[in-house]
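Single chain ahead, by itself, as structure tokens, in the form predicted on its own.
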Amino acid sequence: MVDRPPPAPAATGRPDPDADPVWWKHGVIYQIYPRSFMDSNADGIGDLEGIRRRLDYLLWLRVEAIWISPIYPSPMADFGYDVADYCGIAPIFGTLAEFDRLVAEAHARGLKVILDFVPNHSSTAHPWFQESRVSRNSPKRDWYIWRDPAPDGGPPNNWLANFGGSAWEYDAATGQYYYHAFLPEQPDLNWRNPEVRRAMHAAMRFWLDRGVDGFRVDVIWHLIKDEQFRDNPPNPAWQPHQASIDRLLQIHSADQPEVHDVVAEMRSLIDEYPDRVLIGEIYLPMERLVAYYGPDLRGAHLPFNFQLIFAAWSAPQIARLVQEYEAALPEGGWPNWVMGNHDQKRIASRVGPAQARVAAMLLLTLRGTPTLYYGDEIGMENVAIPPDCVQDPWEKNEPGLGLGRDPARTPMQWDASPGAGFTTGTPWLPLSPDHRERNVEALARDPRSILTLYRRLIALRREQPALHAGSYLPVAAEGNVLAFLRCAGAARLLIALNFGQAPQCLDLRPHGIASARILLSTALDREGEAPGPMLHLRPAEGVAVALE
């Protein structure tokens, strides 16, 4: 595929800025996993120049912002989430000059750029840690979390690492253990140390001064640990087929009350720069998740809401989830929804190709900011990774449990060429066998494709204030149907989604609906249809209906 966008109708206009001027509220965020998006130099690894060459595709798709997973210098033990320099670019991805060019050209197209920020832990290769481990008297010793052994000589407590094994690594040279919530190559920074905070704030300013439009902050709920380092209690619900980290309840190793002061400091820094956003990665139950909006909404603008990733795929379950989330939001807190990311199974693999279209309509019509994971718009599924091609350290540490993240990180499928338009070299992960049929170039020309559906849904969301800024009201529905109203002023839109494999019918009369017109169906074949008093839904169909 060439570097211009696929053939398509002219783009529709942006929403009326007077209706909702905040870009991170009305726009769609598109996550790019840089290793897998576009390779410009044939080394099989995606890079910044590759992203730049595909900006017109993102403009064509009509997303508002791109979020780029880590691109910092790194030994790549966890593929960039082990940072060796917070103010640089890994050579495999490019240079600072190429980053600056990417930001400038994205901004010229009206696209925002959000950078992944990884403040909880660095790499063991970071100069800070190298200095910290020299001796117990090192000026940077307290920049990381060092503890004496337990009386028996073992780890200081029972905390576990997210990628398997103990969270403590013994350093024979100094006779202490250091804490790592993830890999031993990822030592946790001590955010109780003011010097650490100042250094990380300086790193944030470095990127904000270069024009980035905000940060997605990695594992933000991990930043503060229990000051007494108490043992975590056992998890009575743990089963042997689950990850070892789930053996314990992480009540002392994360989500401590003091973390909200740290987030508030980040927010204050962000607010010094106009029109920026702070997003927090948070895997917590709903009632704890919403606390990260902070007192008086002085926390994260968007504490990432992953509820749709883990919910059972049924209309009653999703309806309850949405209602609980809406009820839990603090007054003035703006909602957000995430259907997939680089750590989770692909949505098309979780629910199947037909329901993936329903999922697209759900994501893009709920109240709040949607985040779209690269490739979901073309229906990419998990790719089976042969054992000799496994890259993910979690899969290597705990094989056989299905925890590997490689299947959802495979290269973007741009065209039917041998390298899928991603590379002319050997891709770092295997391509999906279906890339010759399932690719941007082919699907952009298909008026019924899932890519066309995503593009039209994003356009509809832009065009309709009820979708990008309106209220949410549930509508009672029978069977496996989820229905809700989105309203702004006199405009009312009904969204009806059939989560089942049988036809369903929604009676519009009890809702006082005199007339209606279908704006969009997931089948892309009912536009303009007037459904009458009974709205018929085919299996795995969703519709957006204007009520008149």
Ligand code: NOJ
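Because the structure is predicted, anything quoted here is derived from the model rather than measured. All residue numbers refer to positions in the sequence shown, first residue = 1.
There is another form of this protein, the form predicted together with this ligand, and it is not shown here; the text below is about that form.
Checking 311-319, 440-448, 233-241, 210-218 against this ligand in the model of the complex, the stretch whose residues place heavy atoms within 4.5 Å of it is 210-218. Of the heavy atoms in Tyr177, none are within 4.5 Å of this ligand in the model of the complex. At the 4.5 Å threshold, heavy atoms of Tyr454 stay clear of this ligand in the model of the complex, well away from it. This ligand is not shown here, and in the model of the complex it never comes within 4.5 Å of any heavy atom of Tyr86. Interface residue remark: Glu265 is not counted as part of the site for this ligand in the model of the complex, having no heavy atom within 4.5 Å. Of the residues Phe182, Tyr144, Phe93, Phe99, just one reaches this ligand in the model of the complex with a heavy atom at 4.5 Å or closer; this is Phe182. The contact with this ligand in the model of the complex, taken as any heavy atom within 4.5 Å, belongs to Arg405 out of Arg461, Arg197, Arg133, Arg405. Every residue of the trio Phe163, Gln186 and His342 has some heavy atom no more than 4.5 Å from this ligand in the model of the complex.
In sequence order, Asp78, Tyr81 are the residues of 76-103 having a heavy atom within 4.5 Å of this ligand in the model of the complex; the partner itself is omitted from this view.
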